[in-house]
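Here we start with a single chain on its own, the form predicted on its own, put down as structure tokens.
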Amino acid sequence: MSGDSSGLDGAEPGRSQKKGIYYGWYVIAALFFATFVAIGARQGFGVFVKTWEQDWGVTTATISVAAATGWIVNGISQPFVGRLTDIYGGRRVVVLSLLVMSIATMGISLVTNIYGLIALFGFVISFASGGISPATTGVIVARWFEKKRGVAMAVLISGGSVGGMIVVPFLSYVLIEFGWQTAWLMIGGLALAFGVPLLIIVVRSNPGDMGLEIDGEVSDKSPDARIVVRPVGPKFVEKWRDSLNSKPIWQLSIAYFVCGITTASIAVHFVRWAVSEDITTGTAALAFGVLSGINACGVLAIGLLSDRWQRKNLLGAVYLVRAVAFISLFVLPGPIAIWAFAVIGGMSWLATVPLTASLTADVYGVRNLGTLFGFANMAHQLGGAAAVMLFGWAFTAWGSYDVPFAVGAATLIAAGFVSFSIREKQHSVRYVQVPEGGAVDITEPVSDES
């Protein structure tokens, strides 16, 4: 939370008010676009698998090496960029990350073999994209919002859903009409021309940079303002390592590991599975777009509910709904399964992200949120890397994804119950606060209504 004072600009000392549209929403709009481009491009990877197999004479398993390398590298980058965000602020991290990612994405158009793809996508793009992940963007949002944190996180993450809805079908269209090189050149150019300038102009790391307080209170430096200690959660930590001695961070990370298994496998193998079921690449990309469109609405609904209900119950439900979606892939015939998965999976796809990020902030505070959520994201990406490789090997060996999809469904059911087991009412600042005179999070002026 910001340590700046808050009060009323030009009014009696000790009061505060909100003026116009809170600047935090502009910050979210800029981060929304960056997330739209970054996640959309990464989710579009699967569109090109069959084409690269044909152009370079390689197997699905070989292409999976490049994708899995990317998920591993991206996972390793998460605690690193998260820590940089905690120390230096999110603005510098997201700007530099999107700049590098944009240039490298354009460079994919020059790649001529699997080794170039591993080097550029697997290492450069994937490491840089760690800086456009919730480990950084989510931290910025958490520092701008508290009362509406669930909604704010949901709006941010819906950028990834909209990216999947628009970018994946768009990349499929460009691939078919103009070739895969043009597709990567265009998406990288879009990020460089619009995304990077938008971040530079709009984004600020925290409301104190604008003379504001969290949730939009105007700062008042008046010496007459009364000072109060704001209660903190029972597990708020000064040092991030202290959180590792408590259960919630491990429960969240284990469930998020499973989230990575299921989202990464679909991002890379969904189109390839569809082609194996005699469904065209264009239809598969359209189905993924439908999934993402439904998810954009689902994420916003989850955000609204999460500010009213226990987040851990919503998180558990999301994992169980996604399990049903995976079951549909190996139970139903392909032409029916693809749309059943789009609809059912769309209800849950990226909804885990705002819930996991918000829960981490609720339990441990925002001081070290970048580092802590970075570790959770690392678990997510490592799970994704393992799944991408194993799914690729399974398909190459057996010519079917049925067994991997069944394993994915089983892990999702387990993740659902792990999430339900989190004792949110014992650990979250929303339900339990250290009384005045206990641990101190922030001092600030209080309005007369307090």
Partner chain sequence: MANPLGPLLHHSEPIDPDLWESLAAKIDHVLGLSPGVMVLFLGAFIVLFPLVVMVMVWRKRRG
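The shown structure was predicted, so the numbers you read here are calculated from the model rather than taken from an experiment. Numbering follows the first chain given and starts at 1.
The same protein has a further form, the form predicted together with the partner chain, not shown here; the description that follows concerns it.
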Here the chain appears without its partner; judged in the predicted bound form, the stretch of 242 to 250, 80 to 88, 169 to 177, 108 to 116 with heavy atoms within 4.5 Å of the partner chain is 169 to 177
In the predicted bound form, does every one of R92, S97 and G122 come within 4.5 Å of the partner chain, counting any heavy atom?
no
State yes or no: in the predicted bound form, is some non-hydrogen atom of L304 no more than 4.5 angstroms from a non-hydrogen atom of the partner chain?
no
Quick one: is A142 in contact with the partner chain in the predicted bound form, heavy atoms, 4.5 Å cut-off?
no
Heavy atom to heavy atom, is Y364 within 4.5 Å of the partner chain in the predicted bound form?
no
The partner chain contact in the predicted bound form: V271, any heavy atom under 4.5 Å:
yes
Please tell me which of L185, V202, L332, V324 lies within 4.5 Å of the partner chain in the predicted bound form, judged by heavy atoms.
V202
Contact residue in the predicted bound form, chosen from A379, I214, L190, A104 - any heavy atom within 4.5 Å of the partner chain
L190
At a 4.5 angstroms cut-off on non-hydrogen atoms, which residues of 66 to 83 are near the partner chain in the predicted bound form? List them in order.
A67, A68, W71, N74
